[in-house]
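Taking the form predicted on its own, here's one chain by itself in structure tokens.
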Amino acid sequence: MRITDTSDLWWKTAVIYCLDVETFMDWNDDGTGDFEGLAHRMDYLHELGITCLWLMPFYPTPDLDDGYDVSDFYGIDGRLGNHGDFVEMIRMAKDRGIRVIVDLVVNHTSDQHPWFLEARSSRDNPYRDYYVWRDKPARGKADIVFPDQESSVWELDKKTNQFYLHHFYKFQPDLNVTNPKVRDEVAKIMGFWLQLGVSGFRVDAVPFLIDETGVLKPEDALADPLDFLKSIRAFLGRRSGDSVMLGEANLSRPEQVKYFGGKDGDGLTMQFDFITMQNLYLSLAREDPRPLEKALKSRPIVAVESQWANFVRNHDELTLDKLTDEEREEVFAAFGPEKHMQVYGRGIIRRLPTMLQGDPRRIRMVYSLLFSLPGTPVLFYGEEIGMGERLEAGDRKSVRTPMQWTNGVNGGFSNAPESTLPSPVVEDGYSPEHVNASEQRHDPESLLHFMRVLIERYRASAEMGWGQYTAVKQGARSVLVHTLVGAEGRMVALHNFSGTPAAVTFTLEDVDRDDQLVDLLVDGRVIELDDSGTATIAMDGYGYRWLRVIRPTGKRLG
């Protein structure tokens, strides 16, 4: 292993943790989470073992879309603190070896942003071309992100009697990236937060950021919209050579290659792998790993600097749009059978523990699988303790409930009246009485302790982030066996998607006679390989194993 493998390209072996400051920890008891509260919970995150903190939007906002309707890209929402609080939080994170990335939401603004207020004041205002306007809506069906909330992507501005483009809500007008002034603004926004100490950006809705819908004059169009991605990646590299752009780009495999920047890797640094995530749930529904295996096999070869981000759950709906209609119905039937559990006709608004009916074996198997997949794992706050959702909150808000710290009032999130919170805490079997971080910190059998072990073992196994993935043939249909081989060594992972125990026999190629397999997760025992490199492993129902290949002459620890 070269020294540069894990230091220069830190994102290849990172553990990313996403949270919303508003719902994480309220330190001044006004009902809203704040940066001071986050700073006081930095030791908790350090104990968990995460290495990168991803912050959802914290900018000034009318808060009609949970902060994604930004009214000032350079500001801090006053409810959460100020720039001094932000910088202090960055300092505390860095002191603990945790990098911070922030949401870059520049595909649209709030309709209360000063740019848009100026733009709609008159047709000849200098800010008019910051947005996309037409006398009449374009014909044809455009992509409506929220089809149950909006019927068109065009909204009439009565003052100027023109329509403006908005792929999201009508209060979020799209920015016009064909305008060089807008592109300059994006670079300045990035430069500002980099100067304050962030290590990169999670880029929101990337396909919409570079979309040229509404460009009327050919001379205004970009030669290649993807060049804009490359230009801001180059800017990022000049300002901060080890920062990342983690893109939300739910695309086909060929499009993903383009967004990475192809063989040059000069586009997005990382991309969420929505295709693998969706097929993971199809595999869970069928108790058959083959859909997941097929999705992993379909991953294209990308540049060494590029990386896939793996996730089980995120802050949005669990989108299933890349599955066929029949496959989507299978997943709905298994994990979101009631209509109020579904949204937009394509997604589920539940967290993993409730979808798996609280089965601790199955929950742990899924997270073991997440950390053993080739790529970088991403966690959503509360996953480490098995939080549930509050379905009555509706759509995406159901999984954005306050973090559950204790079994006390409001789950220890805040002492303020419940009516002042961003959202009430989860109730029923997943309420703070049953699920909270404080109690799990002291319980060696808890999910929190299990997640700490996963992260610790993952961090000590560079082949997971860097290694070459290969599925291993064997006879147990419900079990996925795969290897990850890197410069540092080799690991074998086994995961049983069924509740029925299975005996798994597999053969490893290119092993020496005295090589052994050391169990990293379950019991630390040594498993012998026969002369042909074959081993037989007894798997429990929903069982999981991480096995490190150890050579007698090697220097790695088991």
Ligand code: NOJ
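Since this is a predicted model, take the numbers as computed values, not measurements. Quick note: we count residues from 1 along the sequence shown, nothing fancier.
Beyond what is shown, the protein has a form predicted in complex with this ligand; the following relates to that form.
Q: In the predicted bound form, is there a heavy atom of this ligand that lies within 4.5 Å of any heavy atom of Phe168, even though the partner is absent here?
A: The answer is yes: Phe168 has a heavy atom within 4.5 Å of this ligand.
Q: Given that the partner is absent here, does His108 sit within 4.5 Å of this ligand in the predicted bound form, heavy atoms only?
A: Close contact exists here: in the predicted bound form, His108 approaches this ligand to within 4.5 Å, heavy atoms only.
Q: Does Asp316 reach this ligand in the predicted bound form, with heavy atoms at most 4.5 Å apart?
A: Close contact exists here: in the predicted bound form, Asp316 approaches this ligand to within 4.5 Å, heavy atoms only.
Q: Taking the shortest heavy atom distance, is Phe146 within 4.5 Å of this ligand in the predicted bound form?
A: Because a heavy atom of Phe146 falls inside 4.5 Å of this ligand in the predicted bound form, the answer is yes.
Q: Looking at Asp211, Asp266, Asp85, Asp204 here, can you tell me which has any non-hydrogen atom within 4.5 angstroms of this ligand in the predicted bound form?
A: Spelling it out, the residue with a heavy atom inside the cut-off is Asp204.
Q: Please identify the residue among Arg396, Arg128, Arg457, Arg183 with any heavy atom within 4.5 Å of this ligand in the predicted bound form.
A: None of the others qualify; the residue that does is Arg396.
Q: Please identify, from 525-533, 24-32, 60-68, 490-498, the stretch that has a heavy atom within 4.5 Å of this ligand in the predicted bound form.
A: Flagged stretch: 60-68.
Q: Which residues, if any, of 247-269 lie within 4.5 Å of this ligand in the predicted bound form when only heavy atoms count?
A: If the 4.5 Å heavy-atom criterion is applied to this ligand in the predicted bound form, 247-269 yields only Glu248.
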